[in-house]
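Next up: a single chain in structure tokens, the form predicted alone.
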């Protein structure tokens, strides 16, 4: 890696110079990612297992009338807000040196707001849609306020992250307007629009995660080259995803949508070409393969949805959509918590049998769920077991990373 890249890597740690002088901060509140990564994996496990039991007919939740809407919303917005909170409170002080890290009591209060949002949506038939909307929209609105420096940055280096969060806030507001009867659009149609916006957010975020982590990985391994996530490649993928999302909402049965699915799949897969460096071969590095698998799963999802729309025998586009949700988005969440879990606890990126299993099992679960149309006679079993397999990586994460999240950084730096 050249001298400029090394300076940028060292510059990324400058935000610890602005660490608040707050006394008696427990380790689990010492930086934004810590409480989130302690709570999010068990929440994902509990939510997914409950959903699998309900959908397979083994369990009935009497206080929840629309379990499908609950499941989709929580897997999109419920997990998303926690992931974005971790990404922003950890990453923004790094992107904008001089920004004070978010820790201690303020972090605790925001975590309480996120928990209240989750509880309120679980019990929405009891708490009412308006309280649930206020709690959940307040969470996303706070995230947008926290990211205001991104949008107001004169150089507009990372402004796209702030803009897409504003779009997602508008979509969530639209969703609650539908649930409360103030909008006529079906809530599940709105959630499909939300999925497209979240894929865009992931593509934007992963471009930055890739830039930091792959270059840091190459520096650790003395690989003398630079990884650059090319904006035009990502922007083409984003454009096709946006176009697919708009057309699906307006003309869900159009054959044009099928071709747009192929276009989105090809454009997203094209992002993996960034891993082909000029001088070095890095596709034998586990973490590079982990990151690449996100784009591969997203690509498979859009491609199969396009194929389904152009096929005379409709297999079920929403089944194939799980390659995007269970597969691509699930892998993105996992890679964010793994990457931050290593780097921001003062450790180098390290692969092991555990990290291999985390990625492989999510991919297996996505195929189990996405290919149900071809094995309808086993649909109940596949619903249940795909959910169980998908949760195992998060249990493994708890086993490997909890000891890091509950102890100070290995390098002695605050946070």
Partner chain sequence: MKFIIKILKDFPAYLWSGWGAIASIFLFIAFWDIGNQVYGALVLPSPLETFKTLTTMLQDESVWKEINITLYRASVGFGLSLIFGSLLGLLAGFFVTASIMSRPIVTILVGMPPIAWIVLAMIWFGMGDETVIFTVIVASFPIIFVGALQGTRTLDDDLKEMADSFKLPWHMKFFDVYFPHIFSYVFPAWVSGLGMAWKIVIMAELLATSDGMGASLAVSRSQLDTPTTLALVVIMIGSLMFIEYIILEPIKREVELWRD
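Residue numbers count along the first chain shown, from 1. Computed from a predicted model, the values in this text were never measured in an experiment.
Omitted here: the form predicted together with its partner chain. The next part is about that form.
With a 4.5 Å cutoff on heavy atoms, residue 342 does not count as touching its partner chain in the predicted bound form; it lies far away. Interface residue remark: residue 239 is counted as part of the site for its partner chain in the predicted bound form, having a heavy atom within 4.5 Å. A residue is said to contact a partner when one of its heavy atoms sits within 4.5 Å of a partner heavy atom; residue 259 meets this definition for its partner chain in the predicted bound form. Of the heavy atoms in residue 148, none are within 4.5 Å of its partner chain in the predicted bound form. Taking the partner from elsewhere, every residue among 269, 273 and 310 has a non-hydrogen atom within 4.5 angstroms of its partner chain in the predicted bound form. Heavy atoms within 4.5 Å of its partner chain in the predicted bound form belong, among the stretches 250 to 258, 164 to 172, 201 to 209, 74 to 82, to residues of 250 to 258. Contact annotation: of the candidates 177, 134, 243, 115, the single residue with a non-hydrogen atom within 4.5 angstroms of its partner chain in the predicted bound form is 243. Of the residues given (143, 263, 214, 193), 263 alone sits with a heavy atom within 4.5 Å of its partner chain in the predicted bound form.
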